[in-house]
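To begin, one chain is listed below as structure tokens, in the form predicted alone.
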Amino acid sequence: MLEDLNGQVAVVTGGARGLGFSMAGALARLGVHVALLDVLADVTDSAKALAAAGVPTLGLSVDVTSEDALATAFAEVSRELGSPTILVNAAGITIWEDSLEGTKASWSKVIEVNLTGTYLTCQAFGRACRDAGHGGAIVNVSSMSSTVVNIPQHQVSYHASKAGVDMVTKALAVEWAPLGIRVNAVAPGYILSDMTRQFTEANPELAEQWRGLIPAGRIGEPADLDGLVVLLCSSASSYLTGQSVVIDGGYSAI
């Protein structure tokens, strides 16, 4: 069912580690040629590790909030791997702080990376597809936090940014349907990414509180997202667009 992915070219932001790297690995194992974009300099090492799947890879240090940097990166991806047909937007950050004490700077930082960065990367990908004369598939990483308020932590900027990602996903799906570009999102619940694992190891009581709120009885692993992501990238989901699919072990169902 997913054989159409073999030989395609994907760009994955936030790909140096965490959810981005895991999703990139799932695509690479299906024969997708993968370019990792990340602000972290060790993205090149991550790309080399990904190459163990036997596919061409590329690692580029890129700030997703920079239009010029993205344009340069997509041009290099096209030269080195071919015109991209898949985009996975996994770059993101969060800041926990009480809203009465939060600053404009911290608010803006989260919105800039999570929301503006997602939009700008979609835009760069859309232009690449248009110029090359083919369609494509975009998977944005949203969050269950786009529709529910997580407790006990306070992270209003993160909630707002992910709600924005969901609407960007819907709006672009409608606008770009004539271009043959599908746009969907995955909305994970608590997943033990590198970022989340740091929090749970430092605050084990918080991890237990989260687990108690998840009907599945566990915090998810990055691999739990792989099947959904590759499906959304494949023509097996060719009639699915403009959707944000929650995958949270039932957390938001109660």
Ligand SMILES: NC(=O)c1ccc[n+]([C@@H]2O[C@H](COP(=O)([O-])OP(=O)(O)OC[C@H]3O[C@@H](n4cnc5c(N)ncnc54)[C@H](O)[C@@H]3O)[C@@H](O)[C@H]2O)c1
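What you see is a predicted model; the values in this text were computed from it and never measured. Sequential numbering from 1, following the sequence displayed.
Only in words, not in the display: the form predicted together with the named molecule, which the text now covers.
Peer 1: Contact between E67 and the named molecule in the predicted bound form at 4.5 Å, heavy atoms?
Peer 2: The answer is no: E67 has no heavy atom within 4.5 Å of the named molecule.
Peer 1: G59: heavy atom within 4.5 Å of the named molecule in the predicted bound form?
Peer 2: No, G59 sits far enough from the named molecule in the predicted bound form that none of its heavy atoms falls within 4.5 Å.
Peer 1: Taking any heavy atom pair closer than or equal to 4.5 Å as contact, tell me whether A47 reaches the named molecule in the predicted bound form.
Peer 2: Contact with the named molecule, no.
Peer 1: Can you work out whether V39 and the named molecule are in contact in the predicted bound form, taking contact to mean some heavy atom pair no more than 4.5 Å apart?
Peer 2: So V39 counts as contacting the named molecule.
Peer 1: Tell me whether D166, R182 and L231, taken together, all sit within 4.5 Å of the named molecule in the predicted bound form, counting heavy atoms only.
Peer 2: None of them does, since no heavy atom lies within 4.5 Å of the partner.
Peer 1: Using a 4.5 Å heavy atom cut-off, indicate which stretch of 200-208, 49-57, 27-35, 184-192 touches the named molecule in the predicted bound form.
Peer 2: Flagged stretch: 184-192.
Peer 1: With the named molecule left out of view, choose which of I93, V148, A71, I111 has a non-hydrogen atom within 4.5 angstroms of it in the predicted bound form.
Peer 2: Exactly one listed residue reaches within 4.5 Å, namely I93.
Peer 1: By the heavy atom within 4.5 Å rule, which residue out of L115, V77, V141, A124 makes contact with the named molecule in the predicted bound form?
Peer 2: Selected option: V141.
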